[in-house]
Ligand SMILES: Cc1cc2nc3c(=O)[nH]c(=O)nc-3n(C[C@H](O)[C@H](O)[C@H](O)COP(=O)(O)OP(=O)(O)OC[C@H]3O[C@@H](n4cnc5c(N)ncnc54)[C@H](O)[C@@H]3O)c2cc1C
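Quick heads-up: it's one chain on its own, the form predicted alone, in structure tokens.
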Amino acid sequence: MSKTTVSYKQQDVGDDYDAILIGSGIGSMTTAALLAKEGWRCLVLERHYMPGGYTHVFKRKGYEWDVGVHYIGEVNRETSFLARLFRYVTDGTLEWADMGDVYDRIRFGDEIYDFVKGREAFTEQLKTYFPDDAKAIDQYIVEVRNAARGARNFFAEKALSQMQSFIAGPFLRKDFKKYASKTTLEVLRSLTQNEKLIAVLTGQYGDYGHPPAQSSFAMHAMVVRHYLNGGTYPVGGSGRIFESYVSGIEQAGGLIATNAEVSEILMEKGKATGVRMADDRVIRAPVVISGAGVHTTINRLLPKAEAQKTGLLQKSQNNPASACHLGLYIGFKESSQSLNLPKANWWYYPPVYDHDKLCADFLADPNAPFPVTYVSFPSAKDPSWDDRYPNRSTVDVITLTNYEWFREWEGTKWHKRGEAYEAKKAEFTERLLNNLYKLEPQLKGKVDHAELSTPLSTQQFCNYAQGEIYGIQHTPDRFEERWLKPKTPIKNLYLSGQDVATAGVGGAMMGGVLCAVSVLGKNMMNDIMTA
């Protein structure tokens, strides 16, 4: 770790800061980096012993795995907003490796559909699979682009003052709401009756956590648009993302502290004035920013009386948590080249072209087939991997799960949850491995290390109550919630991250930008877009 990142348990963090940020995920880090550009001294408090939120990596002897960043779009376009934003907040210190022409492979049973980079190439490839639906595919791309364009104004409105929002809000929200208010399935069925095509087009739904009949089409469209120019991976692994933010925060006099659990946001006369730590220490600052997620902030960190008085408690309860997952992290004592590992991700499904049915069947019965098996190959994507971990390679395998299947072990300690819990993990591990072998049969018999995380792992390390990975659900109802913006009804308390905008690295970063703009009262877009 750099000298900017210290352990709260081992070093006094001081108390002379312009802002306190709760959580070190990419939303908080983006806000802190942007505030630092304006000379603000920021204290970032992270309860985990590893900083970075879902961008962090974890290591075992000879191995390293990403936990949330499996690929990122748009940064391979020099002029895109996301590429410019990364350059601005990291001073251009982050490098990206292209994943090649194919970034995702959608597979149902034995049928494979490649998603290739470039709008025209993507469209033409789809037409080779579905020649009778060429017009529907063309119109689908139009709808995706229109929805994604509408998102710009929709999110910009979140940073406006109350008066500005009252005047301009209806206009700024109009185009986006036309798509956000409909489910993905509604929009696609208005374009085609080919259920197989619909299932293929929605084959990336795991990137936002909800199958077509539940998800907002706007969320789906933003993900599709995000990857139309291909996928990339950070050189040096996903941990490089956090590392690249640090120097800018440090230069402004800021600090990032791990093992630093906040127990309460302090309130005085209706204002946020600082935080109380788990060891009862009080740290004060003029501005408090939470990147810990809406549910955690409102239900755990705010005094209940304040949460009720402002209406935030009821609003948060009306917005359910998103999906939770199982993550299997696998290591091999051979290089990616010798194992012939691909860079493209797999999205593997049973031969049933109905995502909603597959999800419903599995969540009702854990013995039903997995509704999706996502497979990522971090060691194959990172060109620096072989220098860092010679003759080693890693694979991530992920699926959705039901939190209720793990609730009986709530409150137990990590690695000490008992034999029944380990037996359940072993069963899921074996099933996920079997699906991996269907996709990459050369890996069978070569596993050196396999470790499964459950929603309880996410709950413990990321502090999400039910192990959710995408914050609040991305349903049509979510985009009707106008209170989901950086500025809260509580003076000096702001929100950052994915619940302010949307899921994913780009969404959480946008939440971070909107938060910084709201705090500063300054439009930073010109600075970012000239980076």
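Every value quoted in this text rests on a predicted model; they were computed, and no experiment measured them. Residue positions are given as counts along the sequence shown, with the first one as 1.
Below, we turn to the form predicted in complex with this ligand, even though it does not appear here.
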If you check in the predicted complex, is L185 within 4.5 Å of this ligand, heavy atoms only?
no
So in the predicted complex, does I289 come within 4.5 Å of this ligand, heavy atom to heavy atom?
no
is_contact(H210, this ligand) in the predicted complex, heavy atom dist at most 4.5 Å:
no
Find out whether any non-hydrogen atom of K487 is located within 4.5 angstroms of this ligand in the predicted complex, and reply yes or no.
no
Residue among E261, E451, D361, E157 with a heavy atom within 4.5 Å of this ligand in the predicted complex
E261
Though this ligand is not shown, can you say which of V69, L43, I472, A36 has a heavy atom within 4.5 Å of it in the predicted complex?
V69
Has each of T31, G248 and G254 got a heavy atom lying within 4.5 angstroms of this ligand in the predicted complex?
no
Since the chain is shown here on its own, which stretch among 116 to 124, 261 to 269, 420 to 428, 137 to 145 would lie within 4.5 Å of this ligand in the predicted complex, judged by heavy atoms?
261 to 269
Within 4.5 Å of this ligand in the predicted complex, counting any non-hydrogen atom, which residues from 438 to 463 show up?
F461, C462, N463
